[in-house]
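Structure 1 and structure 2, given next as structure tokens, are two forms of the same protein chain, each shown alone.
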Structure 1
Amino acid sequence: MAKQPRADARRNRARVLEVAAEVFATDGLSVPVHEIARRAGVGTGTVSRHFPTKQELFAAILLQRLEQLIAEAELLAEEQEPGPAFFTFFATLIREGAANRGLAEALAGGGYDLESAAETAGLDLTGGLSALLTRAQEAGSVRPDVDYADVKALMNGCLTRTGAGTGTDPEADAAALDHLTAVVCDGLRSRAGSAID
């Protein structure tokens, strides 16, 4: 039976992940591990014990965020009507894609397969989005001729928007991305569906 990490080790790992995600988002991916350790209030060895390579740190951040997104999809399904739940999650995934583009690209460039790692960890973001899509279609909020592959392609299309997530002007990037997402959502809505804020 595998030994569980001590409580302080779990706290340190969680703190490193939190700080690293913030640092990479604000200062870029080139921030050295010793700076992440300093800002997290731990030693460089602590970071290296939990994440032997920077790529493993990148992956852990993304996998943790995937886990949070799956929980968010489940919560939306429970608490909102099908249409608003789908459109809210669709927009969230696009914003997340833009925010974490650098991490995903760094992992892909290193040959890391995030989708396989997520599957191995039992994380099924695809299933969560697919379930929300199906519910929204059954409720008449989303066009019936759209499938998961269409939705994924539309999300990827939003992320190719010039300026979206480049960091040159974060406020303008976010506004442009939100505008394009709203246009795409309007196109996904069933003619019988009502506008969703």
Structure 2
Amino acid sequence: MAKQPRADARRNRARVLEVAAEVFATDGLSVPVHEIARRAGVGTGTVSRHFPTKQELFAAILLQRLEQLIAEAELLAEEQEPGPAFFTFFATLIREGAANRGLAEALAGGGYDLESAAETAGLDLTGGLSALLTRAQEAGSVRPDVDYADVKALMNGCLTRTGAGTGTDPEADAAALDHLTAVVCDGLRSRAGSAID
């Protein structure tokens, strides 16, 4: 059992995480580190000490969130029927991403390779979602010819809807996003053949 870091160090680390999460969520991953330090009320050096690289800060933020999401996935897997579990989780991810610009950027692959970071960290979003997907497919709730990558792509697509609709009515945006989510879920459920008419 490793020695605990000093209490103030732990507090600072937590504070940086908290602020960075907010800032990345609001403004995306390209916010200068400097800005995060400023808002957290610490020096830039403090950020760098805890997260030697901006990428590592991304990882800490995003993987932390991912971990919670995976936990939710597991809970859903236990508590609900395969179909609803999958669809609920899918919608959750989308709402999450819509509320979190940085997460959306990372999921879309822009400028930060979340997937491999997760893998390195031993997290398995892929696994969590994959498991839900597979079960839903086995239960016949989701068409069998889609895979994890497809689902992720559809999720990313939904997320770009939000990006575009800035400056208008946030409630309308949210409604439109929910509607699109529903449409996509419909598509995933449908068992139709797929010739192009």
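Small disclaimer: the values here were computed from a predicted structure and weren't measured. Here, a residue number simply tells you its place in the sequence of structure 1, counted from 1. For clarity, a rigid core is taken as the largest C-alpha set superposing within 1.5 Å between two forms.
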Structure number, where the criterion is the form predicted in complex with the DNA: 2
Large Cα move at residue 56 between the two structures, threshold 2 Å, rigid core: yes
C-alpha of residue 39 moved at least 2 Å between the two structures on rigid core: yes
Did residue 106 shift 2 Å or more between the two structures, C-alpha, core superposed: yes
For residue 28, CA displacement between the two structures after the core is overlaid, in Å: 8.7
Between the two structures, C-alpha offset at residue 121 (rigid core aligned, Å): 2.5
Once the two forms are fitted on their core, CA shift of residue 18 between the two structures in Å: 5.2
